[in-house]
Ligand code: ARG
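Single chain ahead, by itself, as structure tokens, in the form predicted alone.
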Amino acid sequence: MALSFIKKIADFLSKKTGQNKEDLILLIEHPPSLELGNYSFPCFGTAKVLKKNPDEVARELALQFPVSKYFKKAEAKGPYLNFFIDPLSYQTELISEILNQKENYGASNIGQNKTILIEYSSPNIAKPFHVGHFRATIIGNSLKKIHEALGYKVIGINYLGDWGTQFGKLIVAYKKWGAKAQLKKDPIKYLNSLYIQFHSEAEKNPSLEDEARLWFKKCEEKNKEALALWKEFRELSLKEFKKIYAELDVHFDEISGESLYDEKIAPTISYIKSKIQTQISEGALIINLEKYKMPPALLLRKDGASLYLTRDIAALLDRYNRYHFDKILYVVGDTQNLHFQQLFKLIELMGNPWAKECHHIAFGQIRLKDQKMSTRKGTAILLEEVLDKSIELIAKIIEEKNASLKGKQEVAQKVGSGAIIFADFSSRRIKNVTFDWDVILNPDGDTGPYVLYTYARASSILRKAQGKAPTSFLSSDLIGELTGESTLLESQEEQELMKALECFPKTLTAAAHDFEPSYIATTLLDVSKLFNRFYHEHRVIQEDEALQASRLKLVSATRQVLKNGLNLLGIQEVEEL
């Protein structure tokens, strides 16, 4: 989506230079300050096409640009061509577009007829849902929403860790120390305690590891006792996970697991052997990847048991055969970098040209006050506990500052979970995140509560305006479709806020291109800061009805952009706070 001004500039540049109009639209940017104009076009690429100096190209194009009622002037500034739009025309078109588009503002159809698969969340069965899985869940959920807004068909897959040697360990632990009553009472916590106990005992008695491998082999061989225990652990875990997904409002199009591909291991191994040279090393089946500067890819253990990599190859081939996707994203922590490098390389070596459309969306680790997680040692930070604490602390703040707030518990729920989600997006996904309650719950900092508070403030202004605003506003919802003549909003605070609102669609496209939801979080903070600055400097509700109407439109537009951005991050807005 681009405002008509950008399209007109691109049309002019295309006619004068012969360059593609759509390519030119992508190059048009905002100058660093309003004094330099509304839009800027860097002439470096055009200079190469015309075989001239960039400064010279900018000067020549500035002289040829036609002034109209929409464009005040075009001005060369070194190698940049800056365009100055008639302020009232710019204001009217921008705000009208936001209010008319509503929840679709920022959306486009650039992904039309394209399919993207996103694998995210992917918790391990019989283990607690810790904050590491939380990162995978919300990053994947946001990327799904972002790509859907851009017109892609998106298939979200929750690929459960429900197969592997860890189930042999659990079966051994349960048979040796387990109790049925405790398993039913609190399945995941109890299974996790058994898992921790197993590793503690295995340090003293290493033969337990061999026993665990044997029991997993029995699972693969369809042993009735082994499969019955595995199935019980899986179903109890899924029931608990669904509670967390409901709280986060996260949904999937497909829920599967590694176990789905157990029976496809043999044909997958045969297929791999027909495409790539394999070898036996110490009894295990491997592929030598030394020439690609990677360690050997292990396909089968010496006892014939499959591995995570083998199952992922089977899953990836199956997904392409079923969906013929244009792109597939794996939202998995950066500790699995080597795994995905090997996976994608093997897919490429098998002769699949679509291997280049496979992407590992890596993210850093998450900590709480410098505490590192380990499910083996029992130091995992459980998501349920983090969410509960965040909601509890927000509820306490609400009680202190606004005890009469309606629906306090629901608001605390939305703000509490929103604060945790926003904190994750406060920096690039590849960076490590440390939860500091004093920081992430601060309504005056660069936080989720600050953005939610700003949204609630905008809603409050619009509610107060009822009875003083134009009739068309009164008869509609809170956002309203304010009509009538506009008064020019010419202060620096108003102009900068409008500029930030206009950047939202471009931010959305960039977030999809770089698989980086944090871009949206950054834009929401910028918009919130500019809106609060505007609010403190200028009266919205006042006697001058034309000026009031224009400022109410700006408030409505800001509120809409905040809502759209929050929703794309997986955060629900609140009307009062």
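What you see is a predicted model, and the numbers here were worked out from it, not measured in a lab. When you see a residue number, it is the position in the sequence shown, counting from 1.
Here the subject shifts to the form predicted in complex with the ligand, a form of this protein not shown in this document.
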### Query
Tell me, which of W163, F233, Y159, Y195 has a heavy atom within 4.5 angstroms of the ligand in the model of the complex?
Y159
### Task
Just give me the single entry in Y453, W437, Y190, F340 that has a non-hydrogen atom within 4.5 angstroms of the ligand in the model of the complex.
F340
### Summary
Counting only non-hydrogen atoms, the one stretch of 488-496, 203-211, 329-337, 235-243 within 4.5 angstroms of the ligand in the model of the complex is 329-337
### Message
in the model of the complex, does H133 come within 4.5 Å of the ligand, counting heavy atoms only?
### Response
yes
#### Entry: Contact label in the model of the complex: E502 to the ligand, heavy atom within 4.5 Å
no
### Message
Taking the ligand as it sits in the model of the complex, is D424 near enough to touch it, meaning that at least one heavy atom pair lies within 4.5 angstroms?
### Response
no
### Message
Taking the ligand as it sits in the model of the complex, is S417 near enough to touch it, meaning that at least one heavy atom pair lies within 4.5 angstroms?
### Response
no
### Message
Between the ligand and E247, G570 and E573, in the model of the complex, does every residue show a non-hydrogen atom at 4.5 Å or closer?
### Response
no
### Task
May I ask you to list the residues of 121-138 that have any heavy atom within 4.5 angstroms of the ligand in the model of the complex, in sequence order?
S122, P123, N124, H133
